[in-house]
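Encoded as structure tokens, the following chain is the form predicted alone, with no partner shown.
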Amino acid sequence: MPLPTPFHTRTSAVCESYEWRNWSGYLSAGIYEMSHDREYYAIRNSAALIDVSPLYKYEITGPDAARLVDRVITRDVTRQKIGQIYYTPWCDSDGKVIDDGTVSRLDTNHFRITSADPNWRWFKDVGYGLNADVVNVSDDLAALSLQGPRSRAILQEVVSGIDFANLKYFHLAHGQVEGFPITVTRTGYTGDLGYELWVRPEYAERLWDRLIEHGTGHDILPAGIIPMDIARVEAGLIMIAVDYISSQHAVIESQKSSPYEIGLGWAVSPRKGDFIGRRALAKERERGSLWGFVGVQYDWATLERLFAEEDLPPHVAGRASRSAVPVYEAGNSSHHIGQITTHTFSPVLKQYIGIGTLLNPHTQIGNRVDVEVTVEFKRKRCPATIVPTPFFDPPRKKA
């Protein structure tokens, strides 16, 4: 049975939909209201409060902590400053992605890693022989994500000791709320201005209450993982077990992906020292990758026509779909070239969009493809265009 998070007394009191999901063994609200619309627009127009406590969290300390982390991840830890956060994948020895997450450098020899899957055993194995401790602190930290254009204004009222005007994108700072300590990271999973807040579980309810109290004047709303899913697709952000399969869970070799194949090639530091998967990734960089990550925009006029053929309006607005659909070479329904792994109607862009992986000769921006669409149990083809990601990238995100 899923466990309650430290915020459950607050989230359960306002979850009118009674729609709960199992996120890593914890109860997580899918949506709070009967529809996701207001929660989605809170992310984009005001502020949304999302319980992200189910994330796995690990702290690595000791004289060899930096060496251990540098051995695990694909980015160069020797260039990471105290207070800086990396988003990064980590790979097996074949250069296939195990997981992706954030690495916060809290001190010279103190790191905190968040991940979607449990990774404690992997980190311990990689650190064998090094003078470093790996501790699972998942239950020791409650976490909230405050996302949206009003998030900074709310935190300036609630948190003391942090200069939010100068807290850079993917950096962290330590402050206080009513005397208890809090760590604030300028990170999130929505592609908008946003922050993630990390506190001891005993302070969770007080933190929630203060944010709701001060955020009411900023139109704050609790938001579930369903509206966040739409936002992360607009931001072009991948999800494990949806947009790629961890190499530790893949059943066949072809299910595995390298960072270059899922849009994370920019997070591989080719000039850093040795790390797990370095040699395999160097070879792939030289020869090129079989697959490439893409964003697609569906042709709206064709979508309308495909539904009109069945005497229906286009049934595409609503939740993001995590059901993968095939992609074909334009005009050639027999030539399968990849898959769209997550697709959704973007309320802010008024477009139907998706992310996925295609065979590399077909990943060029502007290329036309045909994506499978099911209408009244009939499989049809809708033209789509390869477009850059993120689809939605407001200046306030990094400003």
Partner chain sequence: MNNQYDAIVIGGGHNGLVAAAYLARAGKKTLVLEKRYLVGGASVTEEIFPGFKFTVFSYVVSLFRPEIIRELNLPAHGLTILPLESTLTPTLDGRDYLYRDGDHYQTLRNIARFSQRDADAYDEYARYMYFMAKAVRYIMGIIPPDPTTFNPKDMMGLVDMARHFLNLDQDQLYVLAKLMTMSAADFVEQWFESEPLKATLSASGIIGTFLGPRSPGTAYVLLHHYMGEIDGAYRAWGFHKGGTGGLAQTLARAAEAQGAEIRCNAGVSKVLVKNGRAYGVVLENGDEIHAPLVLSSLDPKQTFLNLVEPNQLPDDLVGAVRRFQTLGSSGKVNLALDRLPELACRPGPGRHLAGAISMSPNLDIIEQAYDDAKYGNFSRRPYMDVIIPSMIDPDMAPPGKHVMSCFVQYAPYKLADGEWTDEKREAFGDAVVNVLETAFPDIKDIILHRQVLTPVDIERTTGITQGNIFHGELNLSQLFFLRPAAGYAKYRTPIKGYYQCGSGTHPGGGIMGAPGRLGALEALKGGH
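Positions refer to the first chain, counted from 1. Since the structure is predicted, the reported quantities are computational estimates derived from the model, not experimental observations.
What follows is about the form predicted together with its partner chain, which we do not show.
Peer 1: Only one of Asn367, Asn45, Ser28, Asn360 has a non-hydrogen atom within 4.5 angstroms of its partner chain in the predicted complex; which is it?
Peer 2: Contact residue from the list: Asn45.
Peer 1: If you check Arg210, Arg322, His218, His110 against its partner chain in the predicted complex, which one has a heavy atom within 4.5 Å?
Peer 2: None of the other options qualify; the answer is His218.
Peer 1: I have Glu59, Phe123 and Ala173 flagged as a candidate spot, so tell me whether each of them has a non-hydrogen atom within 4.5 Å of its partner chain in the predicted complex.
Peer 2: Verified in the predicted complex; spot residues all out of contact, no.
Peer 1: For the chain shown here without its partner, which stretch in 369-377, 331-339, 59-67, 32-40 has non-hydrogen atoms within 4.5 angstroms of its partner chain in the predicted complex?
Peer 2: Stretch 32-40 is the one.
Peer 1: Give a yes/no on whether Trp300 approaches its partner chain to within 4.5 Å in the predicted complex, heavy atoms considered.
Peer 2: Trp300 belongs to the contact set for its partner chain.
Peer 1: Any chance Pro313 has a heavy atom within 4.5 Å of its partner chain in the predicted complex?
Peer 2: Answer yes; at least one heavy atom of Pro313 falls within 4.5 Å of its partner chain in the predicted complex.
Peer 1: Does its partner chain get within 4.5 angstroms of any non-hydrogen atom of Val348 in the predicted complex?
Peer 2: Taking the distances in the predicted complex, the answer for Val348 is yes, it comes within 4.5 Å of its partner chain.
Peer 1: Spell out, yes or no, whether the shortest heavy atom distance between Glu304 and its partner chain in the predicted complex is within 4.5 Å.
Peer 2: Taking the distances in the predicted complex, the answer for Glu304 is yes, it comes within 4.5 Å of its partner chain.
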